[in-house]
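So here's one chain in two forms, each on its own in C-alpha cells, numbered structure 1 and structure 2.
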Structure 1
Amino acid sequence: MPRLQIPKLHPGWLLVAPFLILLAALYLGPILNIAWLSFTDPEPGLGNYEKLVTSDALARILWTTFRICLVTTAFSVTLGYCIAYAMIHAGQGGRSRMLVLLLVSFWLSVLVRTFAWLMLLGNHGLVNDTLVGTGIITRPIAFMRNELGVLIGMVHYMIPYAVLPLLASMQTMDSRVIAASRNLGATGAQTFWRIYLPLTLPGVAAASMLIFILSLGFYVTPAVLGGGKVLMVAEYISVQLLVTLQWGTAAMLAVLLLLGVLALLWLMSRFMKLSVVFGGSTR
C-alpha cells in the first residue's frame, strides 16, 4: 500500500486555526452564500443583474453613490493634504498638539458626530439660527435632507483617514531633495508643485482609494443627514433586507459593492504597502 503523503504543517497554524475557522464558518461562508443568492433568489438566473440595466431607480442610486463618493474623496484628500503638510512642517510641540486633535476626532463616536451635525445644520439649527439672527440671510439654508448635508458629514468623518496615509508618505520622503531644489534657485511654490507634490502622489493615490472604499459602504451619516432623500447603496441594501425583504436584489448589490471594494484595494496595493495604510488607521 502506498504511504499517504501528508505535508508537514508548521505548528504555528495551530495558533491561527481558531480565528481562521471561526472566520471561515461564520463570515466568509455567509458572504459566499450571499453571492450565490444573487444568482438564485427569487429564481435562478441573471434576473437580479438584469435590473442594473432595466431599473431606473437602481441606476440612480448607483450614480448618486458614485458621485457622492467621488466628491467626498476629492474634498477629504485635499483638506487632509493641508493638515498632513502642516503637521510635517510644524515644530515638535505643534505637531503633537495637532496629532492629539486628529486622534480625538478619530475616537469620537460616529453617532455623536452625526447627532452634532443634526443639531448644527437643521432649519432651526445653530448655523441657520445664527445666520438669520445676524441678518446675513433671511430664510434658512437647506443643509440637511440633501446631498450637501451628506457631503458635510462624510467629509468630516473621512478627513482623519486621509491624513494618516498622507503623513506616512510625507515622512518617508527624502527632505534633501527639497533643499536641493531650493538651492538650485526654485521658489517655495515651484518646489512644492514640481517636486513635493509629485513625490507624494503615491500617498495621495492610496489615501484617495482608501476614502473611496470607506465611502462606498458608508451607512450611518448618509442615512441620518440624507433623511431618506439621498439614497446610497448601503441604505438601499438595508431597506431591501428589512422592509421589502428582497434578498436577491440586496445580494446582487452587495456583490457589486464587494467587487468594487476588492478591485480598489488591489489597485491601492500597487501604490502603497497596505500594511502602511492599515498600520496607521487602526480604527
Structure 2
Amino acid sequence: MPRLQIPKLHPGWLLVAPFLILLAALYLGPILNIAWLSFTDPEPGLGNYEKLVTSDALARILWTTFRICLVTTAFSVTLGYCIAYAMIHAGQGGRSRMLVLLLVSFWLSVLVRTFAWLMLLGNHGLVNDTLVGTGIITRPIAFMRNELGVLIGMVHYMIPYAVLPLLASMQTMDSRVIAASRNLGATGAQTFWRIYLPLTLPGVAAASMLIFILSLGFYVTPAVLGGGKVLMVAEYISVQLLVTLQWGTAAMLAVLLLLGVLALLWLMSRFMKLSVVFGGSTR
C-alpha cells in the first residue's frame, strides 16, 4: 500500500510564519469588515449596490474616474517609454544622472508636487504670466479646477512609475536581435516597430497595469487641482465617510475598487504570466 507523501516544509517558513499570520490578519480583517459594512449599513441587504444602477451621480463619478485613469495611463506610459528609451541608449554617466533625477522625483511628496503645480498653473502662476507677458495669449488659460489640471498633476506623478518597469524590460532585451535586424538591412524605424517595440510589450503591459491601478486610488491631486469640480471615487469615499456619514456607500465603493483591481490582475493573467510581466522567471 503506497504511503502518503507529506511535503517537507522548509525550516525558514517556521521563522516567518508568525509574521505572515499577523500580516494576513491585519490585512484581511479590515477588508472583511468593509465588505460586511457594504451589506449591512444602514440596513442589511443590497441597497448600497443598487445605487450603482439607480444613481446617476454615482455613475457619473465612476465614469469620470475610469476616463481620467485611462487618459493618465496612456500619457504616462507614452512619456515613460520615451524617457526609458532615452535612458537605455544614453551613456553610463548620462543614464546614472537621469536615474538620480527620476528617483529624486520619486521621493517628493504628492502634496508638494500638487501645490507646485497649483503655483505654476494658476491664473497668476508662472505659466500664465509668461504667456500673457509675451503676448501669446490675452487672458489666462484655465488650467486649474478642471480635468486638464488633474491630468497634468496625475501624469507628472505617475511617469516615474511607468519608467521603471519599462527600463527593466528594455535592459533584459537581447541586443544581438537588434543588431541582427540592422545587419539584415532593416532601417532604424523598421527595427523599432517590428522588433524593439514588440519585445518591450510585456513592460508596456506591466507599466499600464501599474499606472491604472494606482490612478484608481488618487485622492490629493484631484481634490486640490480639481477644486471640487472633478470628483473621483477616492474623494467621493472620503465625502461619504467624513461629511455625509454614509459608511455603507463608502464601503461599497471601496469593495468595488478592490474587486476592480483583482479583476484587472485576473484579466492580465489570462494573457501572460504576471511573474514575467514584473520581471520574474519564465519557468
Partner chain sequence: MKPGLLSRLNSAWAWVLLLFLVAPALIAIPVSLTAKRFLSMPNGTYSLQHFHNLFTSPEWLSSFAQSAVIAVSTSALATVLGTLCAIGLWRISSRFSELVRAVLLLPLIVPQIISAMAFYRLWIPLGLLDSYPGLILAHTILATPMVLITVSASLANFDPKLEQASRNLGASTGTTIRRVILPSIRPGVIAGALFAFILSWDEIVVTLFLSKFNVYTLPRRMWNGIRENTDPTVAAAAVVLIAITLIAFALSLILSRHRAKARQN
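Each form is matched to the other, and the largest set of C-alpha atoms that superpose within 1.5 Å is called the rigid core. Sequence positions of structure 1, starting at 1, serve as the residue numbers. Computed from a predicted structure; not experimentally measured.
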*Kindly point out the structure, among the two, that is the form predicted alone.*
2
*asked:* Relative to the superposed core, report the C-alpha shift of F19 between structures 1 and 2 in angstrom.
replied: 4.0
